[in-house]
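Heads up, the chain below is alone and in the form predicted on its own; it's given as structure tokens.
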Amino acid sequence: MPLPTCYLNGEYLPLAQARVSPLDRAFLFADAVYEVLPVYAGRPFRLREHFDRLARSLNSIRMQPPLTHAAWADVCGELAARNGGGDLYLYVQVTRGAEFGRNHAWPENLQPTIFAYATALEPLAAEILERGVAAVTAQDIRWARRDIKSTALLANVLLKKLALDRGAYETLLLDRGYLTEGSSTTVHVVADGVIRTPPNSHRILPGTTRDVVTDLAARHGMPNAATQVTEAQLRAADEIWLAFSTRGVLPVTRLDGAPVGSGLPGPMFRRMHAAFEAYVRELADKPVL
């Protein structure tokens, strides 16, 4: 559940009292970008990398970042503290703002709307670590600039609901016979001891947690490659992982009803999960920037 205090255009206020104009372009056009970042023990995780990505998304839609990284760090730290600290995650959204009317081509000099709120980060269920999660596959029906973390998420919403309707956790997306990503996750495929992930491009969102996996793989001697993954390679994988900000790394143990590998979380996943948890502890006392 969301926590009680939010940030809106420079003010901290009760989330239930937050108000935005119905003429805001985020409401009319999904003309906005966002970030989601975890906070562990009151400390934002990989803050620089998340706000680097926010800046890239803003640049791609021809907007300037409304705050510096240092100012974002202050907002995130204060918002976490006002909501009790501990483990939570923050949703941060920047919209192009509101005008008195509705025009596809935006007028210049709009005042952006900046909004952020917090949600408790519940502990990961032991059953997921012991048994993994199920996934299904579907064709990737999203737009052509998936590298922009846009609030235009209707296709992602439909694809995520498809997974839930089929009793699964996530939908893995295929585009012309190749894996792209999940409806809200990066996908890693392990085969013959190598972790493979589709390379960054306009076809996928460059994942911040994906980068953590890449860094930890290099640190712990786990071969890792950014390379195209065919549908056949996906279905024949020894292990499949999901990486995303609110859960770190999760194992997929069933795909379209068939077991992945042994049907249980594999040894490479267990190494990566342990490395990820150790990395979070390692950062606990370090500055966020």
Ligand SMILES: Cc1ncc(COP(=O)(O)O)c(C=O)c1O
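Numbering starts at 1 and follows the sequence shown. What you are looking at is a predicted structure, and each value in this text was computed from that prediction instead of being measured.
Below, we refer to the form predicted together with the named molecule, which is not included among the displayed structures.
In the model of the complex, at least one heavy atom of residue 245 sits within 4.5 Å of a heavy atom of the named molecule.
Proximity of residue 43 to the named molecule in the model of the complex falls outside the 4.5 Å heavy atom cutoff.
In the model of the complex, none of the heavy atoms of residue 254 sits within 4.5 Å of a heavy atom of the named molecule. With a 4.5 Å cutoff on heavy atoms, residue 209 counts as touching the named molecule in the model of the complex.
Site residues 50, 53 and 183 are all in contact with the named molecule in the model of the complex, judged by any heavy atom within 4.5 Å.
Heavy atoms within 4.5 Å of the named molecule in the model of the complex are found in exactly one of 110 to 118, 201 to 209, 129 to 137, 82 to 90, that being 201 to 209. Residues are counted as partner-facing when one of their heavy atoms sits within 4.5 Å of the named molecule in the model of the complex; in 25 to 40 only 34 qualifies.
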